[in-house]
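In the form predicted alone, a lone chain appears below as structure tokens.
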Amino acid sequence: MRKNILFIMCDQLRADYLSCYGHPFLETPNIDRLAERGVRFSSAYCQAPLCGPSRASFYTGRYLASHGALVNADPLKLGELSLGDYLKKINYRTVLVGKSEARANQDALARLRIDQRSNLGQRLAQGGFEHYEHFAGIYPDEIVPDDLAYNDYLRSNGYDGENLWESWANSAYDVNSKKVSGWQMRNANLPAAVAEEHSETAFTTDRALEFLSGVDPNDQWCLHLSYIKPHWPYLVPAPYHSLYCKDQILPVVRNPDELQAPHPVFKAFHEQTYSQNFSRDEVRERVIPTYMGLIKQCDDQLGVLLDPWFENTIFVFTADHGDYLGDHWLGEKDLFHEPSVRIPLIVCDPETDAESTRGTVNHEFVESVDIVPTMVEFAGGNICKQRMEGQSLLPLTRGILDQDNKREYTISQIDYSDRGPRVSLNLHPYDCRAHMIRTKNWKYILHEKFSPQLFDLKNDPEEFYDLGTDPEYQAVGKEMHEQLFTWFRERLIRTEMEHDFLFEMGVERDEKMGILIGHW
């Protein structure tokens, strides 16, 4: 029986800004429909609160400490295998429509004499996905690629200009009919100049539908539908720009005590322009209703895509990371508070074995590295035990809880060497790293050049009070540090040797071959 995979990702989408995760005003009925037909995970975490590194973990099933793509500009090593590689071995088409944040490893391609324009070269440059419609969206004039299909699409629909994404999708008209930029958050309340049916989100859906309508009925496929929204620039076309108001945004989660003797890394991120602006109520009240409109548009577009239901198709819906939106006096993502590192994750498993879990909520720790083994197992492939560091979620979608594989903690890592705080903290790029380990009751963050942070999630669930240097909690910090050190020692760095072959190695095998070491 053919089994297909629809892997849907939104960029910078907070879990609590979906109605199935409890938002009181923002209704997302199509995403909710997935939750009703599948399992919604309440404790899902990304492995890095930054686009490129997070997606590298989603696509490889490996942690940052293993795959090495630490910042957005980092390409994956050509030796890393990704979802597309695993599925290609079992005759799947694995297609990207939208954003991947993958970077071409141009030096390695040149050294191996692989043409980047070839099918293999494009797949290696797109994280293992077949190139169908790569669209990251964020292209100011200085970096817009010559072959941006969205610009050609807008031009074919009567829009004019050089960089049409910038001048239409990321521009608006103010009350004086003057065109203004979406890069300026003061304009977030204005409708984008582009018509809704020609917007980035609608274009991405249209291209996904084109792929699905043209796919060979005999093909097995995995479609990675990756929306670039609600990631900034925060601008959305009418009517979505005016659907929500400031009274419908979630209350800000912050405390003045957080700014008293703050941790140096937290302080450096708080001093960034985006955090200073999002710390102002005026900015939050103007931007977040637009953020909600962008989410609503994504949900409406999914309604077009998900109706009718596909037979024998597993649906995975998630986000690469969250968005602070002013919580903890911060903007963007990067650090490890829950609004940044916790993500939505819904898995809708079509198998009859999953009937008992439909519409349920699972509270176990799950991670983005679990997506690859889940999809490969669903497709009938073999889980690559010497590479994949995640766990298949199919036992959880089918009501099986293996106590031996139950996670006691979740891990996330960040390298901020390409972010503003590296300069303000005067750090060497190799020192711009931090590692989070979170249990049910504690969150510990190890910084390379600064004191650790510790939060008591049982008594301080909003993470206002950093206990990292409090003498009373040094024993807890030491225990968490040891757990993190143990985790580091368990990374799968021996990737080229088949897992099962390791058990055949040793003295007994050597002696059967006549290799007699140390005999008298």
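All residue numbers refer to positions in the sequence shown, first residue = 1. Model, not experiment: these values are computed from the prediction.
The protein also exists as the form predicted together with a further copy of the same chain; that form is not presented, and the subsequent description refers to it.
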Give a yes or no for residue 124: in the model of the complex, does one of its heavy atoms lie within 4.5 Å of a heavy atom belonging to a further copy of the same chain?
-> yes
Spell out, yes or no, whether the shortest heavy atom distance between residue 105 and a further copy of the same chain in the model of the complex is within 4.5 Å.
-> yes
Might residue 475 be said to contact a further copy of the same chain in the model of the complex, defining contact as any heavy atom within 4.5 Å?
-> no
Does the 4.5 Å heavy atom contact test between residue 282 and a further copy of the same chain in the model of the complex come out positive?
-> yes
Assert contact residue (a further copy of the same chain, in the model of the complex, non-hydrogen atom within 4.5 Å, options 133, 85, 299, 196) equals 85
Could you tell me which one of 93, 241, 419, 263 places a heavy atom within 4.5 Å of a further copy of the same chain in the model of the complex?
-> 419
Going by heavy atoms within 4.5 Å, which of 149 to 157, 171 to 179, 421 to 429, 207 to 215 lines up against a further copy of the same chain in the model of the complex?
-> 421 to 429
190, 362 and 459: each with a heavy atom within 4.5 Å of a further copy of the same chain in the model of the complex?
-> no
Judged by heavy atom distances of 4.5 Å or less, which residues of 439 to 471 approach a further copy of the same chain in the model of the complex?
-> 446, 448
